[in-house]
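Shown below, as structure tokens, is a lone chain in the form predicted on its own; questions about how it binds or moves come after it.
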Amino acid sequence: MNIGQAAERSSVPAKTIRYYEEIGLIAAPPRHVNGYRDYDESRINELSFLASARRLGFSIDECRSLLSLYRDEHRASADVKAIAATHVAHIDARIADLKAMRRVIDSLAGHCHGDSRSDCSIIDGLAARAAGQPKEV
């Protein structure tokens, strides 16, 4: 099947498929005489696998490792679990960062009058942070 059909079947945009081929994440398929790529079922399965992993936030490098393990029938599930555990730790760190950002923004917004006056605690707080002096509000 051609790249458009592969994109539709795998839920991976054609542009992304080309990118994955360019960076060596997946091998470029053979081409027909007319020059079109010829994607077989195994490539569709790999692309679908990558789409699933990317939707869960795995990085390209993590996807490269996961795809290698996906292809390896003799893989150790411990290797897969280690990648997943590392990813969960990164997600937890991002959640903590987002919660901290939310607390700061909520605090700044809570002190803003939100009226027609030009003085604004949000602007003042952001400016203080930009100058390296976190302003407590």
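Predicted model, so just to flag it, every value in this text is computed and none were measured. So that there is no doubt, residue numbering starts at 1 and follows the sequence shown. We call the rigid core the largest set of C-alpha positions that still match within 1.5 Å between the two forms.
FYI, the form predicted in complex with another copy of the chain isn't displayed, but the following is about it.
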With the cut-off set at 4.5 Å between non-hydrogen atoms, does residue 77 touch another copy of the chain in the predicted bound form? yes
Residue 41: touches another copy of the chain in the predicted bound form, heavy atom cutoff 4.5 angstroms: no
Contact test in the predicted bound form: residue 61 vs another copy of the chain, heavy atoms, 4.5 Å: no
Find out whether any non-hydrogen atom of residue 37 is located within 4.5 angstroms of another copy of the chain in the predicted bound form, and reply yes or no. no
Scan 85-112 and write down, in order along the chain, each residue with a heavy atom lying within 4.5 Å of another copy of the chain in the predicted bound form. 87, 88, 91, 92, 94, 95, 98, 99, 101, 102, 104, 105, 106, 108, 109, 112
Superpose on the rigid core, then tell me if the C-alpha of residue 23 is displaced by 2 angstroms or more between this form and the one not shown. no
Could you check, with the core superposed, whether the Cα atom of residue 14 shifts 2 Å or more between this form and the one not shown? no
